[in-house]
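Take a look at this single chain in structure tokens; it is the form predicted on its own.
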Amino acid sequence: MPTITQTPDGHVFDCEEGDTILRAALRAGIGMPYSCNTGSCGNCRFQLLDGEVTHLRDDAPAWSERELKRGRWLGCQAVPNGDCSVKFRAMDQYVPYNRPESFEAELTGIEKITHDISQFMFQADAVPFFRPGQYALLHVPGVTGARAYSMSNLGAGGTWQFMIKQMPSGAATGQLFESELGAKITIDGPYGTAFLREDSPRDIVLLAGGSGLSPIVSIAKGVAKAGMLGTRKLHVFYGGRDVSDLCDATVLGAEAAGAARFVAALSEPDATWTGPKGYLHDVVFEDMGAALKDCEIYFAGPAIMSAAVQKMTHEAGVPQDQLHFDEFY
């Protein structure tokens, strides 16, 4: 088993065969910076000081020949070939609340949410607790590489649920949507830092686009379970292209649905649609405006939506530490 020595903080940790340096660090309780876990964001870059590593993905979007020449690798993709010395700055905000584990789970149910989003329910024994808004890596049989999906339920009883969008020609979603009950899958988690902040006294704004609905549902359920609805307002905005993408507030669970203000918006509606029209970030700004800066804001959705929401909230004066999102797409 390779041993990883980290500077400048002096951490030393083991890495299971085939595991990545990032995941090994998090399993050891070390706060290595990260977000997407799939090679897209680049937040987990590190300097290789000694030893050799192999990338799981040669085509990782956040890595290039220039990075290689500088001796920089992605922690979420780098598998050590032996003992290594690495350099990255560990940070307290990335220390996992619950250390991620890899375990086998059984598919126990599938529920249709919209025309192309279904909720997949998995059951496993003796697995870690997760916080509302976190995600896991699913290793789908017959598909190379893990896929990141957010949980849509609360972490209790070994049940892990995911609202997943079927992607055209998607290898992983193609397999998942053809799965039969009883199928086994490997889940690795929990991961993610965009989880519910129960100690924040501010009102809560949740924004979801497409399958970004999954972590937003989990957070809404967490708000209800934590008893936060008595002292905070909950605003939920969900965006789609047309009416086939729609769902209603019942997806949030009975308690949250009864208390939340749920707003659905469509960017390409037909003539029958009478609700808000336009891109979600514009709808939210028009609806809430200056009030956004006094809210705790969580959002999830496609990369283009994420970038637009970040720009909109910056222009609305929202402090950066009140924005919560994970960069995996």
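One rule holds for the numbers: they count along the sequence shown, beginning at 1. Small disclaimer: the values here were computed from a predicted structure and weren't measured.
Below, we refer to the form predicted together with a small molecule, which is not included among the displayed structures.
The chain is drawn here without the small molecule; in the predicted bound form, the stretch among 160-168, 102-110, 223-231, 195-203 whose residues come within 4.5 Å of it by any heavy atom is 160-168. Taking the partner from elsewhere, every residue among Y135, T144 and S211 has a non-hydrogen atom within 4.5 angstroms of the small molecule in the predicted bound form. Residue in contact with the small molecule in the predicted bound form (any heavy atom within 4.5 Å), chosen from V251, I185, V79, A148: A148. Taking L48, C36, M288, A260 one by one, only a single residue has any non-hydrogen atom within 4.5 Å of the small molecule in the predicted bound form, and it is C36. Although the partner is absent here, V86 lies well away from the small molecule in the predicted bound form, with no heavy atom inside 4.5 Å. Of the heavy atoms in Q119, none are within 4.5 Å of the small molecule in the predicted bound form. Proximity of R57 to the small molecule in the predicted bound form: non-hydrogen atoms within 4.5 Å are present. The small molecule in the predicted bound form is approached by A172, whose closest heavy atom lies within 4.5 angstroms of it.
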